[in-house]
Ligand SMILES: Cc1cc2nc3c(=O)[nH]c(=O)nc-3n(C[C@H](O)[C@H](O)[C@H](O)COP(=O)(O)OP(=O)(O)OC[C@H]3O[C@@H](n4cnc5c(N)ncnc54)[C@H](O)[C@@H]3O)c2cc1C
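First comes one chain, alone, set out as structure tokens in the form predicted alone.
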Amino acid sequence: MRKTVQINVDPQSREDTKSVILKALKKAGLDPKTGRGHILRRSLDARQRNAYYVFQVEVWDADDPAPEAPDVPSYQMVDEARPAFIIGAGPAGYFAALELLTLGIKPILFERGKDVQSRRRDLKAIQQFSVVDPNSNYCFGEGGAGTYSDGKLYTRATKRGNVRSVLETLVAHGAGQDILIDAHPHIGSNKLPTIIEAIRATILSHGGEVHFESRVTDILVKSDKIAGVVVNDEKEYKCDNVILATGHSARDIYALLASKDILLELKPFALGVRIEHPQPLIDSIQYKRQNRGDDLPPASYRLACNVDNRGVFSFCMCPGGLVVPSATAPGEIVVNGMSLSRRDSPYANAGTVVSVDEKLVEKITGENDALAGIAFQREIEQLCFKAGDGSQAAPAQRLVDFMKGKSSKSLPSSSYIPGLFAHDVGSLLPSEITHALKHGVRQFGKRMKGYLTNEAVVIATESRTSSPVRIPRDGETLMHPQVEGLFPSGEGAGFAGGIVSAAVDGMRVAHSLAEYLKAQVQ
């Protein structure tokens, strides 16, 4: 009889799969010589001084049937198949394309940015020369915002679709097997590019198309139906369907839809700062010892509280990570976090943000239309830029100084390559945001003794946590209620938050589009 058992394993043995399974067989009372097993899940429990890993292992006797092998997607050749048009080659767009291949539909993708390797040069230009390419940056380009901003795969969206299928697809395209068992799987921005290239190769080898440096500048609508798209202001493609998967920073797409009176909605989002600590400090707080050692990963944290009925929380925590410039247009400062697969940077950083609802947006901007949240973000991003010297250097303040509202006389070292300049960060944010951040950080400091320190630096501004706009869709068809053939998807549509949830949403939308095409034929 098949059983699932839980065992605790010391950190030194976490990679010894054979000993883990042997221990699980013994706990289940099965003969280690004839029993079999495989690991379902692995998580770190560091609540006590002696941290350990918790494994969930499925075990069975040799006489029992082995577990069924995972379903392997059967991608069809679609050279001559009916096309589906996808705008955006991020996780929603690429996983929609892969799913369309299984359904016998030809995906044709348009990506405003460059392929994942060519994109590296533009990231270097931002980091070293403060040159922002509005079509190729940390947000735009093959793979989307997640490619070069960490590759964390944790999601709470398990009820929205088959998360396991997303992870297995990533493994099939080159990701390590560990992402199938880790509670908080992570690939790393150094490994993601080759995986994304492999996904593109699958799409192309089965007859799909991927067009880079192809910004969709118009979406044609006739009689409330999709009629085509225009690329780079010149080439028109006639079509009757579009999966819109442009990500949370494609502000021109929102403006385009608004100009056509296509229904959009103002959506709650979050905004704040990124706080960077020395990684050894976070390790000592979380592991309750001075030296982490080689057996434990760089420590992370997750913090949240309410201040005056407004959420304050850590976001996209990057242990052993880097702070990176994520502006998508000249004249703005936006920061984000990332880490490589080894997570071996001496710094830890996390977005520390405040929930922003429609009432606060209207209070600050005086507007309550669907694009008011973008105006809210842009005003702060541009204010941070104007406070500096015209480069991508970011305004920063030591954490205790931020709490006191005084500029720092000096700043600690940082992973942020364009550089930091001392400034009263709180003065650059709306007073409601600054107030909530200060009260939230004070609570965080009580929970993590040592968190509230001047060794930490506050960097502004973390403003692209999610889309401030929702592109509505029918709950059953996943189609826009006003425009037939328009399928909003992923983070940019307001229906996902992260790589995996965006991928899951792209797969769902692909099936809905297939049903739509099928109904047209009947």
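This one's a predicted model, so the numbers in the text were calculated from it and none came from an experiment. Start at 1 and count along the sequence shown; that's the residue number.
Same protein, other form: the form predicted together with the named molecule, not shown, and the subject of what follows.
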* **Every residue of 123, 332 and 416 near the named molecule in the predicted bound form, heavy atom within 4.5 Å** => no
* Quick one: is residue 384 in contact with the named molecule in the predicted bound form, heavy atoms, 4.5 Å cut-off? -> no
* **is_contact(residue 11, the named molecule) in the predicted bound form, heavy atom dist at most 4.5 Å** => no
* Contact of residue 214 with the named molecule in the predicted bound form (heavy atom, 4.5 Å) -> yes
* To do: Examine residue 200 and determine whether its closest non-hydrogen atom to the named molecule in the predicted bound form is within 4.5 angstroms.
  => no
* Mind telling me which stretch in 305 to 313, 437 to 445, 162 to 170, 83 to 91 gets its heavy atoms within 4.5 Å of the named molecule in the predicted bound form? => 83 to 91
* Asked: Given that the named molecule is left out here, which of 132, 253, 296, 411 has a heavy atom within 4.5 Å of it in the predicted bound form?
  -> 253
* The unique member of 319, 395, 247, 107 whose heavy atoms fall within 4.5 Å of the named molecule in the predicted bound form -> 247
* Asked: For 123 to 141: residues with a non-hydrogen atom within 4.5 angstroms of the named molecule in the predicted bound form?
  -> 138, 139, 140, 141
